[in-house]
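Okay, here we've got a single chain as structure tokens, the form predicted alone, with questions on binding and movement later.
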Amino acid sequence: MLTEQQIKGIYIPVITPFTDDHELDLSSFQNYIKVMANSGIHGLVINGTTGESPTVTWDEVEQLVKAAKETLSSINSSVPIMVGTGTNDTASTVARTKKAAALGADAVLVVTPYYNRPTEEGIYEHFRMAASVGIPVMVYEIPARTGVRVSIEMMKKIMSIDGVIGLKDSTNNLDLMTELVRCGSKPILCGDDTFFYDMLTKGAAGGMMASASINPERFLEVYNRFAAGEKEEAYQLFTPLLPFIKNLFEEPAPAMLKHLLAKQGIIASAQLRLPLMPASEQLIAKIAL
């Protein structure tokens, strides 16, 4: 199981490849996992938003986790697997968290409950119940998708829960992370790719970033240079990546990610499940690998 000390570096929220008739493409998935693991990344996240979790069934999640574990074992890789289990229903989240633990996941990613806009006390209880399962929990705060922003004081309380090992911060600013770091927080990973360098300078332990699926070595070099104290070199490496990152998310992810991964031959098809649509020709024309 993951420890707080392992929450660092580059974690990749993985895509879920589909065939042209919208079924799981496990062969492409295994090739993709192999490429990511061999790049030197620090962790994989299955069934996040980048993996099109709203349209992937739990049976399919189980197939993906098993396929990933088999692939990692075949290349003698110890890259940890985190599984997204968070929903806006606490009972469902707890049940999925138990299932992820039984599958041998190293940790789970639990998002702040979305859409039903619970009170902060309800949000705290949601995370407390998830952490009570016994598998390490990574909290995921992303107000743009959940419709609720957890206050800094409440997040401090959530981060103090036994079993919570860190936070993926996708709040689109540095306020939450800066205050948590000032108070000696558990590890925080940048979840908004454009803020990666800025968050490193404020004390982030790394990033959980979808854009790192495309040539992950570039993001690893930024992290490794920064971790080695070569901050100016890290900045000079990261700055040219910003236009790519911004274009990548100009349309809903993972459309452009899948297009590029298919173009690289890592997956067989860029197919998505509705309501997501393929990347537009206009966006494709803007991005060159």
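Treat the numbers as computed from the prediction; the structure is a model and nothing was measured. Note that residue numbering follows the sequence shown and begins at 1.
What follows is about the form predicted together with a small molecule, which we do not show.
Stretch in contact in the predicted complex with the small molecule, which is absent here, among 25 to 33, 258 to 266, 234 to 242, 42 to 50 (heavy atoms within 4.5 Å): It is 42 to 50 that comes within 4.5 Å of the partner.
By the heavy atom within 4.5 Å rule, which residue out of 83, 138, 208, 204 makes contact with the small molecule in the predicted complex? Residue within 4.5 Å of the partner: 208.
Note which of 101, 142, 129, 181 lies within 4.5 Å of the small molecule in the predicted complex, where distance is taken over heavy atoms; exactly one does. Contact residue from the list: 142.
Please check if residue 13 has a heavy atom lying within 4.5 Å of any heavy atom of the small molecule in the predicted complex. Residue-level check for residue 13: yes, a contact with the small molecule.
Check residue 249 for me: does it contact the small molecule in the predicted complex (non-hydrogen atoms, 4.5 angstroms)? Yes.
Contact label in the predicted complex: residue 191 to the small molecule, heavy atom within 4.5 Å: Yes, residue 191 sits close enough to the small molecule in the predicted complex that at least one of its heavy atoms falls within 4.5 Å.
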